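Consider the single chain below, provided in structure tokens and representing the form predicted alone.
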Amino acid sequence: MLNNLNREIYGIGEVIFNEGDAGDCAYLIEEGIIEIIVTVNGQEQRVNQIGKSELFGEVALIDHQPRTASARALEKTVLITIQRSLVNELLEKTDPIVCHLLMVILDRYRNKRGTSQPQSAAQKLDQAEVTSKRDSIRGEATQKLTMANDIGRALRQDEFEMYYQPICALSSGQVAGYEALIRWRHPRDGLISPLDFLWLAEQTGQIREIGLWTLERSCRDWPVLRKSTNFALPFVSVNMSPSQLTGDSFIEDVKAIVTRYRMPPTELKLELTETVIINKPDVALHLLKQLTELGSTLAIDDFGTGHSSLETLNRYPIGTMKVDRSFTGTMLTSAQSWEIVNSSIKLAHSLGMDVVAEGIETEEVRKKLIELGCNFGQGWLFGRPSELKNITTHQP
């Protein structure tokens, strides 16, 4: 056998691995043909014959068990090796639910096929480590599957609630609008923050239904919210998920909701993060233009924390920039944060956008933002997120 980087060359009849050998790599056939053999009652039996571009040896590679069959070259064969370290890294980046399902399938395969060779001491130690890791994956997968099931139930049984946080004109303190923020009233765990479940809804696709629920509830509640402000151009901000822009009917769904609740489109502001744009820029541009054609305004959220660029602000029809709380919260103590806030406000105004500063907690920060020309502010200084029933017509 000759080695050439990640390639191995085998002659006619040469054994690549035997049943019971440790599985430390898989193989992709670049040239040649190999046969897969199992031993039944002491007799060899060919169970498969595979050729160019096919993969074999992958089962032992994933679950670290001994080989369940032997492999032998039927002609001169060139193999590309795939090392276990590569697969380990890929599995670590894979969702635990997918990993768990893969392990269950492999377990059933193993139980069906069996192995004819006992494990060595080293293999047993290796297997103990793998078992521990698999237990951890199983636990995380079970937790996620349980939560995904709970999210489905919450949508069916109306367990989600909408909270609204005021967004105020900095110069006057007058409420200009509200940001809609979802909460989950779990029957067992109580009120759950969106940070604790929206990440999973993104992965499972449930975020599309949650996003539409959020939009519908906000439009339904807007007539009551609107009474709490005398601002000339009031608005409610609703967050959009990247996954929502992948739905074929998204624009039609938005139109239907706006029509059903007679929501003035000019009073609906849709917030998005740069992730929405980065993943599918051309699709995002097409859909976002359709949203603005309805009369709604787009706001880019958490500006400065992601892949913010002039191209993003210039290419897309964005009307509002939201400066992240991580900068406004430290702008009085960090020269860097101060400069980021100052530059962001100037940039937004030069592009015809208004600016909302998030995370304002003190009067001192508010005054400094007014000096910098910031239009609006949001934070505990003006009010925490509150249920609709607790929002009154009192002006700050």
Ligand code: C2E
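What you are looking at is a predicted structure, and each value in this text was computed from that prediction instead of being measured. When you see a residue number, it is the position in the sequence shown, counting from 1.
One more form of this protein exists, namely the form predicted in complex with the ligand; it is left out here, but the text below deals with it.
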(message) Checking a candidate spot here: are A176, P234 and H349 all in contact with the ligand in the model of the complex (at least one heavy atom each within 4.5 Å)?
(response) no
(message) Considering non-hydrogen atoms and a 4.5 Å limit, does the ligand approach I340 in the model of the complex?
(response) no
(message) With a cut-off of 4.5 Å between heavy atoms, is R72 one of the residues that contacts the ligand in the model of the complex?
(response) no
(message) Does any part of P194 reach within 4.5 Å of the ligand in the model of the complex? Heavy atoms only, please.
(response) yes
(message) At 4.5 Å between heavy atoms, is S241 in contact with the ligand in the model of the complex?
(response) yes
(request) Counting non-hydrogen atoms within 4.5 angstroms of the ligand in the model of the complex, say which of H186, R183, K255, K144 makes the cut. (result) R183
(request) Could you tell me which of 283-291, 73-81, 186-194, 258-266 sits within 4.5 Å of the ligand in the model of the complex, going by non-hydrogen atoms? (result) 186-194
(request) Could you list which residues of 152-167 come within 4.5 Å of the ligand in the model of the complex, counting heavy atoms only? (result) M162, Q165
